[in-house]
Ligand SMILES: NC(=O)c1ccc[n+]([C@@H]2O[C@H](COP(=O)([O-])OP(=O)(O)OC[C@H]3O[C@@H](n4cnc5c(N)ncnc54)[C@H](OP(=O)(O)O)[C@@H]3O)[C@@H](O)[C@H]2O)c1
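Below, in structure tokens: the form predicted alone, a single chain.
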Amino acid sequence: MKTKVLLFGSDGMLGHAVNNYFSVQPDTAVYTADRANADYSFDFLDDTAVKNCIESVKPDVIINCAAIVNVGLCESDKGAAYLINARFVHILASLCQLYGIYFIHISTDHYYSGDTIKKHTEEDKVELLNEYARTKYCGEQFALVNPDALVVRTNIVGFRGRENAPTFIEWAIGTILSKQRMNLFTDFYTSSIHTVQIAKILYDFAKIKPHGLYNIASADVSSKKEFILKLSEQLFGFYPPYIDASVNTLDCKRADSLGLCVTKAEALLGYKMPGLEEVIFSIKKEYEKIK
């Protein structure tokens, strides 16, 4: 019998990748939920609709990729950020506990500052510098009230294909190809992983069903400058025109040292997380398919 997976936020960047990977697995049946372009399309703030969707599908696993991730939007509309990033997670976690459904919630790495390339463990102290971080951390705590839930901290990069709302990678590639000068942050560090890669890892996690908090990310930490220059070199064979810049010039205070330690996940899965070179290569493969 196939494992039934209900994927919330299926029309987003990570949701697309998770749906694409899980859907081709012979032991898995995927049902998608989002505001549009999904098997079940509705407002996630409608608690009754959420419950009806879950009762209709009767999933074995729920994966929540839905979130407001725009830091500026979270600051300007704190209520909306709380409702999606925190309260909605509480509703899902509670219903999963009620119906005995395994729950995977995708969180963030936006919790650490001032220690450059440090790889933060799941136990390291967090710092909540903006409303995005506050609401995502609140969502984590709501999820973990369910003792069997899994919370994943990560930093993802990938493609979505919406011309009016490019992802970070889509913006970077477009800017590189246009030969525009780029402002590259030298003081903003992440351990970004490609959506295609994390989709496969999430599938492996869903088979094992661990609970608690896990980091899933690249094994390497790099600055945004290093990441974009390596991306440009590998995809196009040249560096774009650029100047060094600081993340502190942005309009909203952001965490700047987002590296994640992945040894806990590696020990569970029995294999290594991809390094920076592998992440860039994976992005290149997907780009060559869709360009």
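Residue numbers here begin at 1 and follow the sequence given. Keep in mind that this is a model prediction, so the values were computed, not measured.
Keep in mind the form predicted together with the ligand is missing from the figure; the text below concerns it.
Contact between Y242 and the ligand in the model of the complex is not found at the 4.5 Å heavy atom cutoff. Using a 4.5 Å cutoff between non-hydrogen atoms, R160 counts as a contact of the ligand in the model of the complex. Taking the partner from elsewhere, L250 is found to have every heavy atom lying beyond 4.5 Å of the ligand in the model of the complex. The closest non-hydrogen atom of K58 lies beyond 4.5 Å of the ligand in the model of the complex.
Look at 227 to 235, 262 to 270, 242 to 250, 27 to 35: in the model of the complex, residues with non-hydrogen atoms within 4.5 angstroms of the ligand sit in 27 to 35. When the ligand is considered in the model of the complex, only one residue from N146, S107, N215, Q197 comes within 4.5 Å through any heavy atom, namely S107. Put simply, of V221, I201, C96, I84 only one has a heavy atom within 4.5 Å of the ligand in the model of the complex, and it is I84. Not one of I117, L129 and Y189 comes within 4.5 Å of the ligand in the model of the complex, counting any heavy atom. Taking the ligand as it sits in the model of the complex, the stretch 246 to 281 never comes within 4.5 angstroms of it through any non-hydrogen atom.
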